[in-house]
Ligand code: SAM
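One chain comes next, on its own, written out as structure tokens in the form predicted on its own.
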């Protein structure tokens, strides 16, 4: 069993915190930063957060599964894989009216970003992909930031999505390259990096993060953060997920991720990638208000709101509204800090 993350304060801490935006972090620097004593790390994460973001401002997002189940991939954490018996019912691609009604409801509830996920290994050209393009246009016209996660993309597909009004694309690395083949065998780490390149090359905002609690070590988490922080440009969004252990998947018996592990990951990501939206994503449903507050203090500034995250449960809307009231949080508007050419024509 790996030793607990006790950590020591890096000798050049003041230099690391006050440096400019960097994509040349060394692995040793990331390791030292990650292993800083937790309270000091959260304090420094909060300092960096205040330099680059408005305190107490949290983006509210909604995630909808537009095509559910029967995925050919073997991701060990995912209940949507056709390889596992999790009791999940397969559903075809949702109709336009149903998706747009969900997007309008999300906007009325306070969401400014609407994410659509399809259980595909890769997006396939043809009728279904054209339907997704129509969905992107419709949601963008509502004035919401539109995000999709459709599996692997070609450069041409990324261009078409951008032209339709897509603002962001989610494609997580999940963990370190060294740990990756222990959870997925049906696509490579390089496949994921290639898709991220297509997204970035077409001026689509990159949303990329990972999952804690799959059996990875602290070194795996350091390696993931180092990979993210040394991309040609930092991801605009970095989701930090805690594994939702689903019975029937290979990871169905994994223990719950401690909330301080989430806070440590968030604070380190905040310092390494100061301008990114660090998103407190899956696993929040198992956290108390106080535990979530610790993550916001560490530098998280986005959550998913709604009863589901694709197919797993999420926090109740009334509970999130109470949390915003108690903690004095306020919603972040759509397209904040986006340049004019990133905002789709017709978005309001």
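These numbers come from a predicted model, not from an experiment. Positions refer to the first chain, counted from 1.
There is another form of this protein, the form predicted in complex with the named molecule, and it is not shown here; the text below is about that form.
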{"item": "Heavy atom of residue 172 within 4.5 Å of the named molecule in the predicted bound form", "value": "yes"}
{"item": "Close approach of residue 244 to the named molecule in the predicted bound form, 4.5 Å, heavy atom", "value": "yes"}
{"item": "The named molecule contact in the predicted bound form: residue 234, any heavy atom under 4.5 Å", "value": "no"}
{"item": "Non-hydrogen atom contact residue 94 with the named molecule in the predicted bound form at 4.5 angstroms", "value": "no"}
{"item": "Segment assignment from 106-114, 218-226, 236-244, 253-261: heavy atom within 4.5 Å of the named molecule in the predicted bound form", "value": "236-244"}
{"item": "Residues 144, 168 and 331 all lining the named molecule in the predicted bound form, heavy atom within 4.5 Å", "value": "no"}
{"item": "Contact assignment for the named molecule in the predicted bound form, among 176, 205, 157, 149, heavy atom within 4.5 Å", "value": "149"}
{"item": "Heavy atom within 4.5 Å of the named molecule in the predicted bound form - residue from 135, 161, 278, 119", "value": "119"}
{"item": "Partner contacts for 202-235, taking the named molecule in the predicted bound form and a 4.5 Å heavy atom cut-off", "value": "211"}
